[in-house]
Ligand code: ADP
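Consider the single chain below, provided in structure tokens and representing the form predicted alone.
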Amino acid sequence: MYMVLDYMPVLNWPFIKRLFLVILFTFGVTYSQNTPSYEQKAVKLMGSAFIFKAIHEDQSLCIESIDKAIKEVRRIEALISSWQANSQTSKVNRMAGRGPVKVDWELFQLIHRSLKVSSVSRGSFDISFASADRIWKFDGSMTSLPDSESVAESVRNIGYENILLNFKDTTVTLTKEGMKIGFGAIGKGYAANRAKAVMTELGIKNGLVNAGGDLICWGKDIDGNDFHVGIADPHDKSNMLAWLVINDLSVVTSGDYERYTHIDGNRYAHIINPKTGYPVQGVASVSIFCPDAELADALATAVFVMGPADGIKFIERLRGIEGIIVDDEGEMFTSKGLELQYYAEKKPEAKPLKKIGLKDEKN
């Protein structure tokens, strides 16, 4: 200390002040560069509103990751769309009952995973439900119910057992003429998974993709906290039934409010029971919580078809899966491993939130 005091008179104080200011400025620049910023973009893809959110210190990386994620979703749409005549899916449908169609390994694997969910759910989820889209329209054009014979005919063309896969040649065969596959109940979830993969590969460790209600998030939100997710009241979408805190998880909700039609005073939603050919009745919404958005998407449809009683039993048998079912009377059913926090004021800041805990094992 005495040596320092003795040396102080010879120090160049103007220089020290300038150096001190430079250090402060440099520290300030470094701090600002390390402060997370985010980019968010909404765009219509696959017939739905997609929202992408990237959080990172490098704003240009956020922009780049979102742009590439959008490009990836468009690529997937071109592959799986049954509406685009030149897609591989459309070719498979055109060849129904006529022979096998060679497809890319990516599409082949998506169909293979779809068939696994069909088997586990005993046909409550079935990509060949698309055969029914010839008789059911939910765009406002239907003014009367289809006749029972037409519905019965559509059911005869539904059946995942009649989708044959050849792993050696990566071919897909629809064995019955009139069959048709569609990925409306799993495609957006797959796209959300792929969008996340693209963003994380670029270095986005915190982000969110909302694929028209198929939501997947990872890391932390911009405020450093876990993401807040509201479960909408299917009878009043502006009202939240509950708020949850999630991290590295997917939340997918299927609801009868998404697409529907009114005929003779009755409301018919777009989710078709593949076993009957008719729209599902008695269920207003199903929310599935799962690490994988694709699986959550498929399971949400399967549980919707099963209904509250069988749906909850089904969820309880699955490992790492939780769910909420709201029936058409407004009653809520939840799986045992799901922690919920309800709010009288319907605000996430009203009281401490609970975080979703997924059990490692299910009996």
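Predicted model, so just to flag it, every value in this text is computed and none were measured. Residue numbers run from 1 along the displayed sequence.
Omitted here: the form predicted in complex with the ligand. The next part is about that form.
Contact with the ligand, judged by heavy atoms within 4.5 Å in the predicted complex, is confined among 234-242, 178-186, 198-206, 102-110 to 178-186. In the predicted complex, the ligand stays beyond 4.5 Å of every heavy atom belonging to residue 190.
Proximity of residue 274 to the ligand in the predicted complex: non-hydrogen atoms within 4.5 Å are present. Contact check for residue 124: a heavy atom falls within 4.5 Å of the ligand in the predicted complex. Taking non-hydrogen atoms only, residue 305 approaches the ligand to within 4.5 angstroms in the predicted complex. For the options 154, 250, 253, 210, the residue carrying a heavy atom within 4.5 angstroms of the ligand in the predicted complex is 253. Interface residue among 194, 228, 270, 220, judged by heavy atoms within 4.5 Å of the ligand in the predicted complex: 270. Shown without its partner, the chain has no residue in segment 81-117 with a non-hydrogen atom within 4.5 angstroms of the ligand in the predicted complex.
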